[in-house]
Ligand code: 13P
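A single chain, nothing else alongside it, follows as structure tokens in the form predicted on its own.
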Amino acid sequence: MTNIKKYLEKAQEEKWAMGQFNFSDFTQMKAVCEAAVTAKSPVILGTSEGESRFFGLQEAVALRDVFKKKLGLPAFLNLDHGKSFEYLKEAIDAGYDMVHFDGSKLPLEENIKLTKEVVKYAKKKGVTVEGEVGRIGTDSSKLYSEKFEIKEEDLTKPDEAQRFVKETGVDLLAVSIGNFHGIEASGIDPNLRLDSLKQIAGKISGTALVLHGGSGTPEDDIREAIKLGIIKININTEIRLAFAGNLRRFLDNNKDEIVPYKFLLDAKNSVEKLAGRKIGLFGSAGRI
């Protein structure tokens, strides 16, 4: 089974979620893939516009192919939070399996219009499309020293979600249910609005739902969200914190070390361990 849509359908039927783990360098990508192989789990490798511009669209595709062939791993690439049709088209043409158009800051009418353009082009290439309704916290993936406040007007409205899905034909929908990009300094974010998720799921029965900003979300909320229809969960901030934190500690304690494969090893291992733990939480282990 190599098609991402098949795995998404399987996740929806069996009530588990695929993890999307964002990366911006080879070490992080390798760590996530090795964690997925160990767990016998399909995995989505995510790059934001910024991450993909740094790493390279074609380079990401080429390395995805290497890991798929070498490890026998169902690994899929997603362009995360694409803001323009032109850049999503570049990702699709480069060989990405999936693209996410984020028109959440646009008026609903404009969001629907542009998402339809993306869907039309992507379907010609057999590429999966994720849309978004409702504003998901913040654009920044970072550590917050103070409690992050969710604005009620940013939450996804069930009726708007229903209209968006019906008119655009997206394969997946990212929703705002109290989630946000980044993580509070405590390491545990506020609870999700599971009542809102239940209402949205009731309006768009059959459409796959996505949780962005999964870093720091209480584990019980993750499990309940999956039961209510979430089949894809994005993790980025925790990857960055694990990678950067371990790298800083190693270099602080080994100030004379200049060999990259030595000072990157702890950082890689920390990302691999984190990804493995999330895969277990999401229920995707053993699904290959």
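Being a predicted model, the structure only gives us computed values, none of them experimental. The numbering used is simple: start at 1 and walk along the sequence shown.
Separately, the form predicted in complex with the named molecule exists; it is not shown, and the next lines address it.
J.: Ok, Ser52, Ser41, Asn234, Gln28: which has a heavy atom sitting within 4.5 Å of the named molecule in the model of the complex?
T.: Contact check passes for Asn234.
J.: Report yes if any heavy atom of Pro74 sits within 4.5 Å of a heavy atom of the named molecule in the model of the complex; otherwise report no.
T.: Result no; Pro74 lies far from the named molecule in the model of the complex.
J.: Indicate whether Asp97 is a 4.5 Å heavy atom neighbour of the named molecule in the model of the complex.
T.: No, Asp97 stays farther than 4.5 Å from the named molecule in the model of the complex.
J.: Using 4.5 Å between non-hydrogen atoms, is Gly134 touching the named molecule in the model of the complex?
T.: Answer no; every heavy atom of Gly134 is more than 4.5 Å from the named molecule in the model of the complex.
J.: Taking any heavy atom pair closer than or equal to 4.5 Å as contact, tell me whether Gly213 reaches the named molecule in the model of the complex.
T.: The answer is yes: Gly213 has a heavy atom within 4.5 Å of the named molecule.
J.: Report whether all of Gln12, Asp171 and Gly229 sit within 4.5 Å of the named molecule in the model of the complex, measuring from non-hydrogen atoms.
T.: No, the whole trio is out of contact, none within 4.5 Å by any heavy atom.
J.: Go through 108-116, 84-92, 158-166, 178-186 and give me the stretch that gets within 4.5 Å of the named molecule in the model of the complex, heavy atoms only.
T.: That would be 178-186.
J.: Along 124-155, which positions have a non-hydrogen atom within 4.5 Å of the named molecule in the model of the complex?
T.: Stretch hits: a single one, Ser140.
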